[in-house]
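Form predicted alone, single chain, as structure tokens, below.
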């Protein structure tokens, strides 16, 4: 590692990167959501066509990715608050990150069926 660099490549840095990436992804989803909802006033037929696209299996997998991004961003945000406002937060930040990841995996496993069941029925039949 070059002298004087702040790059460490450890858990804290990667959680920082993931928090920023998931935040940007959620922002872009909200932007697109506002635009497609506004279509209903401009052209109801275009809105219906857009909704039909949203019912495809590809979009269901994208929705699962959205759930993953929102859940990670929310859970990691709670960890960031704990690190910032708890006097022992910095000492336990790595443990809290592993806890966040564990809770995230469990919640993502629980979200798989409700979010992806339609896509799998569409792709492979009932």
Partner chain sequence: MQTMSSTDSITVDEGYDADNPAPVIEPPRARTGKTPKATRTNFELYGWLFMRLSGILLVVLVLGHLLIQLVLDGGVSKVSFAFVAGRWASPFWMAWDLIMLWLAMLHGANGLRTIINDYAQRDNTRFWLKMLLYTATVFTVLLGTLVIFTFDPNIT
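In this text, rigid core is short for the largest set of C-alphas that superpose within 1.5 Å between two forms. Residue numbers count along the first chain shown, from 1. The structure presented is a predicted model; accordingly, all values stated were derived computationally and were not measured.
The discussion below concerns the form predicted in complex with the partner chain, not included here.
- When contacts are judged by a 4.5 Å heavy atom cut-off, residue 98 does not count as touching the partner chain in the predicted bound form.
- When the partner chain is considered in the predicted bound form, residue 16 lines it closely, a heavy atom lying within 4.5 Å.
- In the predicted bound form, residue 54 approaches the partner chain with a heavy atom inside 4.5 Å.
- Taking the partner from elsewhere, residue 24 is found to have a heavy atom lying within 4.5 Å of the partner chain in the predicted bound form.
- Remark: all three candidate residues (30, 35 and 73) come within 4.5 Å of the partner chain in the predicted bound form, counting heavy atoms only.
- Residues of 71-91 placing a heavy atom within 4.5 Å of the partner chain in the predicted bound form, in sequence order: 71, 73, 74, 78, 80, 81, 84, 85.
- In the core-superposed comparison between the shown form and the other one, the C-alpha atom of residue 84 has shifted by less than 2 angstroms.
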